[in-house]
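The chain below stands alone and is given as structure tokens, in the form predicted on its own.
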């Protein structure tokens, strides 16, 4: 495992090699004549998804390739400062144009998601494409039989860290400029909880040191991601923590349930609930935090944990989800109230793991 962590592109997991070629085999293709490239990510992209996609786009453009980044859905305003974000297509609002790029693509890079369903309405198109598909991701149980090349390293901090290593291992470290660096920094910063989560390994700090050598303003990046909300979002947080937080001390767990009425009352937009699930973990003794939000088409779960409790297994077992050991998501077509009831029933099944 140590070799995988230290040199992920030179030694992929064995089970990955059996179903898709390791990413190192793709490196020689980077210098071929210019290709038409599409880069996509999971729906409702976070800083890691958008940052890794834009950083890879900037890198491939420097090699002379034609690149289009496509998001399956809209994205948060606090991501719009990223270089190249103004050129990203929203699949939901520009489907015909996006489909044309996908049909003409020689390569499609899929970043920061482990299965096509996480791209929402793009999924069927991605499944039908006959071009070369490349996976770069760090979530558990990737859909590796759908890709020609790729890597999925669960212990890695972020997809941004994997993109950084993709650039370095391909022999192109010199192409990392301040624009690529700040995108990679933003995604890594967000996925490591500002470098406080256990996934912040020595290799992460080495990467950050290299990125800072480009001269970008890291304080600006932090401010753009974390200090860039409207007043209504702060008032929403106060309302939620006062009225929607339930602490279940017998299970060392806390849950926040947000109704559609709450979303409408505070005019909550994409990105405004980012990080909300982490707040209950600041309570002494809490090992599991859960957030459920009533979206138009379904209810969305977010789970965060401390220590040994496996959020990924919990989400897969009870809420059609998955992700990482200490951070995962899920979904359900049941009402918020029914989901909360189901959550409490599920806690009884895993109570011993939360003591």
Ligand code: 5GP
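Worth saying up front: this structure is predicted, and the values here are computed from it rather than measured. Residue numbers count along the first chain shown, from 1.
Unshown form predicted together with this ligand; subsequent notes refer to it.
Screening 156, 133, 233, 118 for any heavy atom within 4.5 Å of this ligand in the predicted complex leaves a single hit, 118. Partner contacts here mean any heavy atom within 4.5 Å of this ligand in the predicted complex, and among 23-31, 60-68, 324-332, 282-290 they occur only in 324-332. Contact annotation: residue 300 falls within 4.5 Å of this ligand in the predicted complex, judged by heavy atom distances.
Heavy atoms of residue 114 reach within 4.5 Å of this ligand in the predicted complex, making it an interface residue.
Residue 139 is the sole member of 132-154 found to place a heavy atom within 4.5 Å of this ligand in the predicted complex.
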